[in-house]
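First comes one chain, alone, set out as structure tokens in the form predicted alone.
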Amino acid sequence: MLIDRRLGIFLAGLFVLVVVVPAGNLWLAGQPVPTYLVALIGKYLCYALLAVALDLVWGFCGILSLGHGAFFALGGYAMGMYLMREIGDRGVYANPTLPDFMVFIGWKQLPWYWWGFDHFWFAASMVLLVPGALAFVFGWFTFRSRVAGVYLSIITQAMTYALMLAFFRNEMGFGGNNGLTDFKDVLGYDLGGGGTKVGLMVLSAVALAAGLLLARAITVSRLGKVLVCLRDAESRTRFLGYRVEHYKLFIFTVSAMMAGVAGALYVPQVGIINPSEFSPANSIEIVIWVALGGRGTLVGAALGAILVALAKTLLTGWLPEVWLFALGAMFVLVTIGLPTGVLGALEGGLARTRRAPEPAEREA
């Protein structure tokens, strides 16, 4: 079955969110849902899609990637480049061709890899193709060499760290340390307007639902069964005649493209993209989201991302100096006490409640 009970409940909750938030922001008197909260919810939904992308490879194929933040950031940079080109001559230096940071450092012409980003369709295709191409090339060499386990995790972390160092350099042409910011509009709509933020939030919810359905369709198919076999007994699966590296390469590439979409939706809602998104710490935090929510559940990964992001927002406002300690404590406690994550614990508690005998039965 494509939509099981847990996915159905989650999708119903998303539908309610898509109805309630726009109504509370645009139509109800007093605006009970302020615009800043709309943008915050949209950001959480992007994180949830990113967590689903990682759960697809880690929870069902056993590939613990510590570099998914790189695919997220590449999708964000692709969208950021389009948004920078949308500014046109409305920048500080009023240059119709070059973004402000290029004018500031003395560049005279637009680099070739910025060509085409003045068209939305081109930027949207790059959101998918750039992370997908990197994942395909990286996976082609890695999986054919049978690199797995902790060695694969270390290599993925090295990949995102190398990209972070490269994007910090001004000569790369991506804004250096400051990154890309000062966006004005997208497809002609003002990014500062409440209607645009609501539209981006709704689009993020739709993308999350589509990502969950795609991941679910993969995992319940014959392909998904082979992926679980790879996770549990790779050598035996290879012995049965399956080309293990092909399956890993496919799912790794699909997951990277999903992460790129999450990054592209994230950037216009937060208003900036810089090299810090490539930080290995960000990729490790994504793993914590999935572990907290429930590895191999898809819906649990999305819930874990939302819960951790919400806790981060609250704690960094109330007790900013203890946030990292709280994050580490959550990961340790879940690993030791909740091996199936929050979702698994909730479902297990509900199942035990249903099986509990009546008082008369217990006395008998």
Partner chain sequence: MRFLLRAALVLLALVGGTAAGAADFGALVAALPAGSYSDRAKVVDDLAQSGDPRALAVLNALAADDLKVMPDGTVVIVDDKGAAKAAVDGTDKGTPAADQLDRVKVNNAVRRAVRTAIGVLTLRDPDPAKRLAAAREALRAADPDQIDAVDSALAAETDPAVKALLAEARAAAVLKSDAPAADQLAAIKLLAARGDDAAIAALAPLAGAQNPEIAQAVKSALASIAETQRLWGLAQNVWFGLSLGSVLLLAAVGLAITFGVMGVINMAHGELVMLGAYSTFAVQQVIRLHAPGLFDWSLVIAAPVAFVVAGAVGVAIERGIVRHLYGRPLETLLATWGVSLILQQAVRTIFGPDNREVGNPGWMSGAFTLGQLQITWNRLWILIFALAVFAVLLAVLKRTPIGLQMRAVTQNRAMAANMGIRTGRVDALTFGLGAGIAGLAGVALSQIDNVSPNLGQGYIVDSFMVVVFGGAGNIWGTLAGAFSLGVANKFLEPFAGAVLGKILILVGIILFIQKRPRGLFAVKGRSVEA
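Residue numbers count along the first chain shown, from 1. Because the structure is a prediction, the values reported are computed rather than measured.
Another form, the form predicted together with its partner chain, is not on view; read the next lines as being about it.
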(message) Residue-level question: is H119 within 4.5 Å of its partner chain in the model of the complex, judged on heavy atoms?
(response) no
(request) Consider V150 of the chain shown here, and say whether it contacts its partner chain in the model of the complex, taking contact as heavy atoms within 4.5 Å. (result) yes
(message) At 4.5 Å between heavy atoms, is W58 in contact with its partner chain in the model of the complex?
(response) yes
(message) Please tell me whether any heavy atom belonging to Y161 falls inside 4.5 Å of a heavy atom of its partner chain, as the geometry stands in the model of the complex.
(response) yes
(message) Contact check in the model of the complex: I155, A166 and F331 versus its partner chain, with a cutoff of 4.5 Å between any heavy atoms. Do all three pass?
(response) yes
(request) Spot the stretch among 125 to 133, 205 to 213, 139 to 147, 75 to 83 with residues whose non-hydrogen atoms come within 4.5 Å of its partner chain in the model of the complex. (result) 139 to 147
(request) State the residue from V299, V38, V308, L66 whose non-hydrogen atoms include one within 4.5 Å of its partner chain in the model of the complex. (result) L66
(message) Residue by residue through 302 to 331, which ones have a non-hydrogen atom no more than 4.5 angstroms from its partner chain in the model of the complex?
(response) E321, L324, F325, L327, G328, A329, F331
